[in-house]
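Shown below, as structure tokens, is a lone chain in the form predicted on its own; questions about how it binds or moves come after it.
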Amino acid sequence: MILAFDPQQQLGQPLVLGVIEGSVYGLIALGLVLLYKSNRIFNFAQAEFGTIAALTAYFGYNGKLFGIPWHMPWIVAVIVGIFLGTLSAVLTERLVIRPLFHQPKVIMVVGTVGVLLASIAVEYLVFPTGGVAALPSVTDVGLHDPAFRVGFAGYNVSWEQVLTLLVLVAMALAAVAFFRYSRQGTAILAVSQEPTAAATVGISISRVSLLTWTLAGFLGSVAGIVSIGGAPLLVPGIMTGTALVGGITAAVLGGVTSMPGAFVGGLLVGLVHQYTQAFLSFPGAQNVAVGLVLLLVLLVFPRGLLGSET
């Protein structure tokens, strides 16, 4: 069913929320593209690094992390969450991906599915909850005045939303700059194109793999913290359930070999998701729209917007 037109609810609000949501998809997609370029696989556990970060931050903030009664300050809980989310990616590379280096790529992909399922199971054991109120957002802990708002396109944009967007965009730009201009980024590119030649000139393939998984885990963890803050419910597997498909669609839409394309693809997916939700009322309309976008890109323009291959 098509909803009656409301400029504020169907133009301004979806634009703001779509850009923010799309930036989260963009960070997930950046991690996916990074690992695809280095290992030539899709990592189905990418979004779950964000769940681990969010759950850790929540229980640290509430003094329930690993039975430690200390109520961490909000910023400390967030740092600990990002650290453990990134550590989970490092352990995935060391314990699962590294032993499978010389196996067919499909085996490594299945290995990431195993990591995803094992992570959710461990989350239920370590964080025994059927659903808790999520980590407080920036405004909830009083880091700035939540009452001050900026009007835009008929919709009030809070400073929290502006700050969230700035953090996400800064992370994306830093990731792209690292990959394009740093020596380590050049090494990753060399390994992705000619691993044998890269090893011949002294580039450590194992070190590059560890670096890319660390960066991918960090990006996924930041995405989880940002998207879960202030959400109504936090459960094991939540980032995989809410962001993985959007991240994969963003990576394919932008081109799975392009870092800038991954973030641009994320923005487009977020906008499609929010505008579909604003104009169509039937349940799941936004997910259907994102799925159709993914199929159309694969069928009509498989290289994506900025990629060279898929």
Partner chain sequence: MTAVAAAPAVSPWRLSGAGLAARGLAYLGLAVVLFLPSFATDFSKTCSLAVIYALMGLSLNIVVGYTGQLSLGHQGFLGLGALVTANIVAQAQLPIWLAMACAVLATTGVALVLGLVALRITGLYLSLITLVFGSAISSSLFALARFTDNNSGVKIQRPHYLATNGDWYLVCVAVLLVVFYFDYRLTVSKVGRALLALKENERVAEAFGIGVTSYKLLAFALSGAIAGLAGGLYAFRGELYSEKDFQDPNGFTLALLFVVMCVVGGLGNRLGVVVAGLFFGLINELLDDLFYAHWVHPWMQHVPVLGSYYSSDVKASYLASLIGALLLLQTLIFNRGGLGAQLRPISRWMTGHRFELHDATHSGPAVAEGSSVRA
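Numbering follows the first chain given and starts at 1. Remember, it's a predicted structure, so these values are computed and weren't measured experimentally.
Keep in mind the form predicted together with its partner chain is missing from the figure; the text below concerns it.
- Only one of Val167, Ile75, Val122, Ala177 comes within 4.5 Å of its partner chain in the predicted bound form through a heavy atom, and that residue is Val122.
- This chain is displayed alone, yet in the predicted bound form one of Ala54, Leu244, Leu35, Leu267 has a heavy atom within 4.5 Å of its partner chain; that residue is Leu244.
- Within this chain, Leu294 lines the site of its partner chain in the predicted bound form, having a heavy atom no more than 4.5 Å away.
- Though the partner is left out of this view, Arg207 does not reach within 4.5 Å of its partner chain in the predicted bound form, counting heavy atoms only.
- Although the partner is absent here, Ala278 lies well away from its partner chain in the predicted bound form, with no heavy atom inside 4.5 Å.
- In the predicted bound form, its partner chain sits within 4.5 Å of a heavy atom of Ile41.
- Residue heavy atoms within 4.5 Å of its partner chain in the predicted bound form occur in exactly one stretch of 169-177, 210-218, 102-110, 81-89, and that stretch is 102-110.
- Contacts to its partner chain in the predicted bound form (heavy atom within 4.5 Å) from stretch 68-97: Leu95, Val96.
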